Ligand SMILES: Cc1cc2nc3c(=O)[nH]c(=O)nc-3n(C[C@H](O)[C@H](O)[C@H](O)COP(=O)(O)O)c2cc1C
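Coming up is one lone chain in structure tokens, specifically the form predicted on its own.
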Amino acid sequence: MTTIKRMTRREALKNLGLLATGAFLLGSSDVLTSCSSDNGKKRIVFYFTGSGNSLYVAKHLSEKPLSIPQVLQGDQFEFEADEIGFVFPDYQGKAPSIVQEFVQKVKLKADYMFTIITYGMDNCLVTELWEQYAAQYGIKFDYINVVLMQDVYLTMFDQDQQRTLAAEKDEEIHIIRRVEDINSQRKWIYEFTPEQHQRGEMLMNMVSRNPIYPITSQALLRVDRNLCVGCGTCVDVCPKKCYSFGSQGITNTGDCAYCLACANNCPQKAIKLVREANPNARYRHPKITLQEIVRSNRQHG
């Protein structure tokens, strides 16, 4: 009589990580080489994502947008097209550090340059500060706009509560309008009202007095070894190679991108922030898969 060995939950979750890795390897050949054309124009879209929000927007603009962490692994930093764009999340009024690093390295040539920035609670002068930052490196944008989506800042927001509010934000309508603007090559930079500017300056002053990043992974995050099954998802989704397998299992160290992809995508919720609103609530955009996050950020293999 044949005995069937049952797979434990821990073994199943570990295999989940292996499946994500396999999916990445099967589809990774076009990560750095693809761009899409719209209305006969060659368009390149660069993006950075941790929760999937910015990737979801980028996919509206290009069939195969290019992951900034993946481009940074290569040796091609000169790009030319009719249209070149960026999509990334607002990090306390600034572009994520990995996007800033990318801008410092690349040389871009296009007749039309655009950016879409995703945000949750407040866009905090981000369009103005991004325009100024990019200009330092010779990049001039024709169009910069924002899209309001679920706020995934785990330190402050309970994702279960945020999920109930997400439907009220009409993100799909806002995305479509931004896409229409870009397809028509509209020239426009999001402008703040005097009241918004005053609020933004207040928030930025608060941020400058209490900066959160740059920060190290070990200062921000910890691995709950009672929950961790060693599936390796955190290793695969981290764009800064902060996670690795060691004698003690999964360990984390090094400069953190603050994308929280590790915490939001861990199937066991074993990655915890030092301080957070609800350690049992996590988020990934409902139309973005774990495999897509792995393909976007994986830095090994």
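Numbering starts at 1 and follows the sequence shown. Everything numeric in this text was worked out from a predicted model, so none of it was measured.
Same protein, other form: the form predicted together with the named molecule, not shown, and the subject of what follows.
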item	value
Segment that reaches the named molecule in the model of the complex - one of 172 to 180, 113 to 121, 99 to 107, 70 to 78, heavy atoms within 4.5 Å	113 to 121
Residue contact check: Phe46 to the named molecule in the model of the complex, 4.5 Å heavy atom	no
4.5 angstroms heavy atom contact with the named molecule in the model of the complex for Tyr91	yes
Glu83, heavy atom within 4.5 angstroms of the named molecule in the model of the complex	no
Residue contact check: Gln150 to the named molecule in the model of the complex, 4.5 Å heavy atom	yes
